[in-house]
Every structure is written in structure tokens, then in C-alpha cells.
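Consider the single chain below, provided in C-alpha cells and representing the form predicted on its own.
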Amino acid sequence: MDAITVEALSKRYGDTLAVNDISFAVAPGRTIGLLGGNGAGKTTTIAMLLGLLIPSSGRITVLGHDMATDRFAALARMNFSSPYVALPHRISVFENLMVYCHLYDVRDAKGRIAELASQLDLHELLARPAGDLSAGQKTRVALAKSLINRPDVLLLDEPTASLDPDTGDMVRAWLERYRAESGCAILLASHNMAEVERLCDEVLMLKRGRIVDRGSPADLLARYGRDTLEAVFLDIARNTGAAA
């Protein structure tokens, strides 16, 4: 059974179709990338998967649960990370993570926080107010929050934004290891093409709310005759490459 199944999904705002009849699936232990320019529909799609937005039409199934009728059963086994969603600023990083431990009913909450702090180099940040962190530090804390419940489905929106190359590489290696050990299904929205090439088994290319192409990074490179996924992205965005 696929961890995520999306069927004919659309989201309309007035006369604008933000997401237009898209379908895809993510199997356990696989990472699917969502690529597209600003306004392509990536964040709207993730919001519908989380149950934050109600689709105009279509169906979403996560871990065997229909998100229209039974989303809370799935949400307990899901999580989400985005550097653009701020944690409460006045309480400490440790206190923020404890709140999420309680929300997800995590056993040995202090032990789980200590484990993530070691893996993501957060020990020096735990006592600091979340609002006092740098952008890169907030990104690492957001990732720790998303892993607090050992999710079976992980939705990532720019998971290494604002990180230096060394820390970004460490986070990507950790995500690869977590996926391999847990069998987690990951949906990744990113503008970092090298990150997408490294992490993703399949890539969905979005434009104006529609999936205009899909395939493994290697397949897309061959189809467009390009050496990098960034060049493929530009071909699709500008309607120029051989497969456009």
C-alpha cells in the first residue's frame, strides 16, 4: 500500500486554479520531489495533504486513511517541516519541543529531545528562546520538531533553507539514514536542485498548478539532454528544452 495517494486533486480560489487535477503516489521508503516556481502549487498541495486546506475536488489517502473523513488517524503518524512556519518565540527550544512531544504523546519525551539534539547539533540551542535563533538554527529546530514522533510520512518544505553547506549536507545524510531505517515516505518541496537530485527517487515538475512532467532525476536529465536538474527546471519554466 502506498503511504500517500493523491487522485485528481484540485484547489480553486475564485477563478484561479492553484492546483489543477494532479495525481501521484509515494510508496514507503521513497522520496518524491515537488519542483516548480513560485505559485506552481507546491505549498498548496502540502497544505491539503496536512488537512490545513480542503480540496475543491479529488481525494487524498495517507497511510490508508481518507484525509476528508479520517485525517486525525493519519496525522498522528505524519509530520511537517518548514523554515517559514515559526515556533512560538518567547519559549525556549526545549519547551517548544516538549509541547510537540505532548501533542504526539511521545514516550520518554526528554530522551527523544536529547536524541534529536545530538543528531542535529542542538544542545547549545535548547535553553534559548526560539525567537532568538538565526535562520539556519530555526531550520534545524523545525526539522527536529518534524521528527519528534518518528513519523511514517514526512512532508518537507525547503528542509535545508539557510543552512551552510556543511550543515546542509549533514541534514541530508541524516534524512537519508532516517528513511532507510524507518521506511518513512517523504514528500520534498525544494528549490535546491542538487538536494533534489540526491534525495529524490522521483520528481514531479509543477507549473501553474499542473504536473507537466515527472520521472527520476536521471530520466529527466536524459529526456531534456541536460547535465543538471536546474537546467531541466529552467527548460520547463521557460518552455525551451526538447521535451517541453
Partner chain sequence: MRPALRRIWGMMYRHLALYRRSWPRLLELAYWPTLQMCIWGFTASFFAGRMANAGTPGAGAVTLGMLLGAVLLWEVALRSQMGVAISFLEEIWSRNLGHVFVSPLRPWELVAALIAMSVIRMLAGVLPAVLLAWVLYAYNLFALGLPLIVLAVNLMVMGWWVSLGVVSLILRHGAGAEALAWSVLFGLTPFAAVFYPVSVLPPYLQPVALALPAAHVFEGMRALLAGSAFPWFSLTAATGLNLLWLAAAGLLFARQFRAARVRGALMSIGE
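Values in this document were obtained by computation on a predicted structure and should not be read as measured data. Residue numbers count along the first chain shown, from 1.
There is another form of this protein, the form predicted in complex with the partner chain, and it is not shown here; the text below is about that form.
- Only one segment in the set 114-122, 79-87, 170-178, 157-165 has residues whose heavy atoms sit within 4.5 Å of the partner chain in the predicted complex; it is 79-87.
- Between the partner chain and the residues A194, L52, A27, A218, the one pair within 4.5 Å by heavy atoms in the predicted complex involves L52.
- Although the partner is absent from this view, Q137 stays clear of the partner chain in the predicted complex, with no non-hydrogen atom inside 4.5 angstroms.
- When the partner chain is considered in the predicted complex, L133 lies well away from it, no heavy atom lying within 4.5 Å.
- In the predicted complex, the partner chain sits beyond 4.5 Å of every heavy atom of I60.
- Contact check for I32: no non-hydrogen atom falls within 4.5 Å of the partner chain in the predicted complex.
- Interface residues of 94-111, taken as those with a heavy atom within 4.5 Å of the partner chain in the predicted complex (partner not displayed): F94, E95, M98, V99, Y100, C101, H102, L103, Y104, D105, V106, R107, A109, in sequence order.
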